[in-house]
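Here's a solo chain for you in structure tokens, the form predicted on its own.
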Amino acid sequence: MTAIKNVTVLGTGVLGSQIAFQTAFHGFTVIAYDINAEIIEQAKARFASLAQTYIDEHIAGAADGGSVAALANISYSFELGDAVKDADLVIEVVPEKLEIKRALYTQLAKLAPPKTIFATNSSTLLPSALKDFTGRPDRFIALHYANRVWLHNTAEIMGTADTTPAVVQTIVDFATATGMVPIEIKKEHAGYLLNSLLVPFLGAAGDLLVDGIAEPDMVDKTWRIGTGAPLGPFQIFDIVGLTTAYNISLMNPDPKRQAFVKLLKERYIDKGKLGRSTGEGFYSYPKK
């Protein structure tokens, strides 16, 4: 059982929409928030696509009305106060930039009711870098999801020194109730578990490209054949999204990371090639 009933997800990009849909699929009332009506319309199309994906990938119950019910459980808002006024839990999935997140939590602190737990899905920032902006450090926690949440269903849970044990347990219960496997992390660690392993791997692939050692398809082919993994690093970049890769790499002062940032921007991002979500990144993808 979980005390959480009403969930607001802030951000309807690739991962935000997945988190919202997975939560709604398991019977929770969800408000999907983003900054304007145009982005909300794009989100509706993304949710419709997810509903079909759950059916196509044979997620239990999806074809028997589960996907339709999930869509009915989701409402939309681009008014922040409206979106959080009844929330038991707010999951923040906004761009991986410290100043954006801090500004958002400063607003949230004034708008959300005292009962609301705040959870950041940040993949690289420590929750302690944000807690003082939340107005409720005892009810603030990190809740990190992996891409394709219905399949890679880990939920990494990491509090700060101020997060109460009751809040940690509430989020563990919520994760379980939404079909996730809760991964409790004993103390704050940048990158959690998954990204502590994944980011160096992707960084090594970026180095090979920047240094002109090999092109993405050859790097990916080598990794798939040599390890039996289903995807290579550049295929993973496309799934994660090149904007996210850019923002994360931007925070690393290492010259190699900055060279990769420049390459991403000039060859891909400036040309609208943002990964699978736009139909082209390191690879091209057929339109559905």
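Note that the rigid core is defined as the largest set of C-alphas that superpose within 1.5 Å between two forms. From a predicted model like this one, the values you see are computed outputs, not experimental measurements. Each residue number is its position in the shown sequence, starting from 1.
The same protein also has a form predicted together with a small molecule, omitted here; what follows describes it.
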The stretch from 179-187, 165-173, 212-220, 115-123 that lies within 4.5 Å of the small molecule in the predicted bound form, judged by heavy atoms, is 115-123
Heavy atom within 4.5 Å of the small molecule in the predicted bound form - the one residue of V90, V93, M158, A155 that qualifies: V93
Could you tell me which one of A129, L194, I100, L208 places a heavy atom within 4.5 Å of the small molecule in the predicted bound form? I100
With a cut-off of 4.5 Å between heavy atoms, is F133 one of the residues that contacts the small molecule in the predicted bound form? no
Answer yes if any heavy atom of I59 is within 4.5 Å of a heavy atom of the small molecule in the predicted bound form; otherwise answer no. no
Is there a heavy atom of F237 lying 4.5 Å or less from a heavy atom of the small molecule in the predicted bound form? no
Can Y145 be called a contact residue for the small molecule in the predicted bound form at 4.5 Å between heavy atoms? yes
Threshold 2 Å Cα movement between the shown form and the other one for T53, core superposed: no
